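For reference, the chain that follows is the form predicted on its own, supplied as structure tokens.
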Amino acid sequence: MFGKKKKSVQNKEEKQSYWSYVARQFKKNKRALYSLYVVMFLAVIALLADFIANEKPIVCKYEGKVYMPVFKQYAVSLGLAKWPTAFKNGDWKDKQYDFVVWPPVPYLPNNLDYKSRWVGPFDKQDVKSKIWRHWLGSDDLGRDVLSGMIHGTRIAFMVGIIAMGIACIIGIFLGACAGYFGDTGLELSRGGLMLNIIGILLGFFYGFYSRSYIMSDAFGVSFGKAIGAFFIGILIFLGILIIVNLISALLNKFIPFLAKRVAFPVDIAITRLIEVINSIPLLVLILAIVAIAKPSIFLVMAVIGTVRWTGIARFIRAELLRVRRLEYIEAANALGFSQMRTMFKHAIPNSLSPVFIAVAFGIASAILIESFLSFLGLGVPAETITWGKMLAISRTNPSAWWFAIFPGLAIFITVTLFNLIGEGLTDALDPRLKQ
């Protein structure tokens, strides 16, 4: 009986999918598992920052009408609504409400409370009631530390996730092309090869370089404007490539020399590009860019993402070098599927395991870089409150220990959590540890 039960358990484990096995292995690492829970909790704080720390009520009844000012602010920011006249002027906390529900922290990071400047968490504070107390202290202008910490969590997660999202798009595509095609797998006509090289250079020039000032201004306005400007640049880049390929197709019909196909060394080209980017000191490059461009947190994300893709590209290149020789890839090619379809539908999805590890460590690195730049006062607008900027404020008043302790701990804990998750994924995705 015991033998049958043991055999059924073994059969059940054998039938489990790869990702079920990874999840089981990850759960065995308690440090990584608890780190993931804490990161999820911080992510919830980042998403709900406007409902946790805000000068506006969550819901209120004013002059017989019910309002939800936090939601209203989203609509106003998108241009879908306007504030009623009664809310355009005056302080929110000075109005006489029929009833009101305030956020747990009734301050935005930039709200000024001149009656409570440089007050510590345990100091006596001149406030109406406990709800208006600065629980983690305030700075020289009376800005609330706890509100800055909460909204700083959103900035930190945005920088880490968006920067690594950009890095993943670039790194996965280039790394997959290098690993899947190698130096002989991609064949182009002579005319197509020459015109595509010219097209890439022209596309980069007209799509991004010549529009650098437009894109810089867009990054300084809003995230939506930045995405729009970047998307237009991509359309220009792709449009130029389409045009040169149409020209190439026409030339190939009339000039046989240009129609002859030659192998393009994709692997060598991308590997050399990775080596060139890795040879440039990262912080020096970022400092140079943010020093000459208009300060914008979105520009910082874009810069980090465009220089952090090399590690992801190396990981996925190594995986594709192995995967491309497996039976199911050969079967797909034998069935007549195009190389791009085989690569994107079959090869890349089965080669993403190391990417998750790189992303976890990359998010920690991006948060640390943003904090470093904010500490130096570079790349981030003056009105944006981040953990690094709060840490920099402590230099003006060394006795204000709360401005050094709380942001410093937040940076340290968050970076450590992502590193522990990365280590847990490394162990879980390592097939040598399977027992």
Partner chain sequence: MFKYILKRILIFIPTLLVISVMVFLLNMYAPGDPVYSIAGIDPNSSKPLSPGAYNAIKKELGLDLPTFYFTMSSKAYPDTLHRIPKKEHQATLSRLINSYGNWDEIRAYHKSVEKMEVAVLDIPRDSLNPKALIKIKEKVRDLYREYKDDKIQKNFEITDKFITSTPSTMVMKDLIDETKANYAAMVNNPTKWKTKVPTFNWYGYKNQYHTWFSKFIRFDFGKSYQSKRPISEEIGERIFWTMLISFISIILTYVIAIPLGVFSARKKDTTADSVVTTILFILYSLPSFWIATLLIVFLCQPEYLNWFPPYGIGDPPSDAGFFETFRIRSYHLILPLFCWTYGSLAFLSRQMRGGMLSVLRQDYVRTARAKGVEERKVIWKHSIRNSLLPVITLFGNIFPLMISGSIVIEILFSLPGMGQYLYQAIVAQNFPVVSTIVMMAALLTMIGYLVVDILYAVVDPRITFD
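These numbers were taken from a predicted model, which means no experiment stands behind them. Numbering follows the first chain given and starts at 1.
As for the form predicted together with its partner chain, it is not shown, yet the points below apply to it.
Participant: Would you check, heavy atoms only and a 4.5 Å threshold, whether residue 384 touches its partner chain in the predicted complex?
Facilitator: Although its partner chain is absent here, residue 384 would stay clear of it in the predicted complex, with no heavy atoms inside 4.5 Å.
Participant: Are any of the heavy atoms in residue 184 no more than 4.5 Å from a heavy atom of its partner chain in the predicted complex?
Facilitator: Judged by the heavy-atom cut-off of 4.5 Å, residue 184 is well away from its partner chain in the predicted complex.
Participant: Should residue 279 be classed as touching its partner chain in the predicted complex when contacts are defined as heavy atoms within 4.5 Å?
Facilitator: Heavy-atom contact with its partner chain at 4.5 Å: present for residue 279.
Participant: So in the predicted complex, does any heavy atom of residue 416 sit within 4.5 Å of its partner chain?
Facilitator: Output for residue 416 is yes: heavy atoms within 4.5 Å of its partner chain.
Participant: Answer with one of 39, 52, 58, 378: the residue that has a non-hydrogen atom within 4.5 Å of its partner chain in the predicted complex.
Facilitator: Only one option qualifies, and that one is 378.
Participant: Which one, 269, 287, 352, 136, lies within 4.5 Å of its partner chain in the predicted complex by heavy atoms?
Facilitator: So the residue touching its partner chain in the predicted complex, by this definition, is 287.
Participant: Considering its partner chain in the predicted complex, find the one stretch among 245 to 253, 161 to 169, 289 to 297, 338 to 346 with heavy atoms no farther than 4.5 Å from it.
Facilitator: Within 4.5 Å of the partner lies stretch 289 to 297.
Participant: Between its partner chain and 213, 217 and 401, in the predicted complex, does every residue show a non-hydrogen atom at 4.5 Å or closer?
Facilitator: Affirmative, all three are within 4.5 Å.
Participant: Under the 4.5 Å heavy atom criterion, name the residues of 145 to 162 that approach its partner chain in the predicted complex, in sequence order.
Facilitator: Counting only heavy atoms within 4.5 Å of its partner chain in the predicted complex, no residue of 145 to 162 makes contact.
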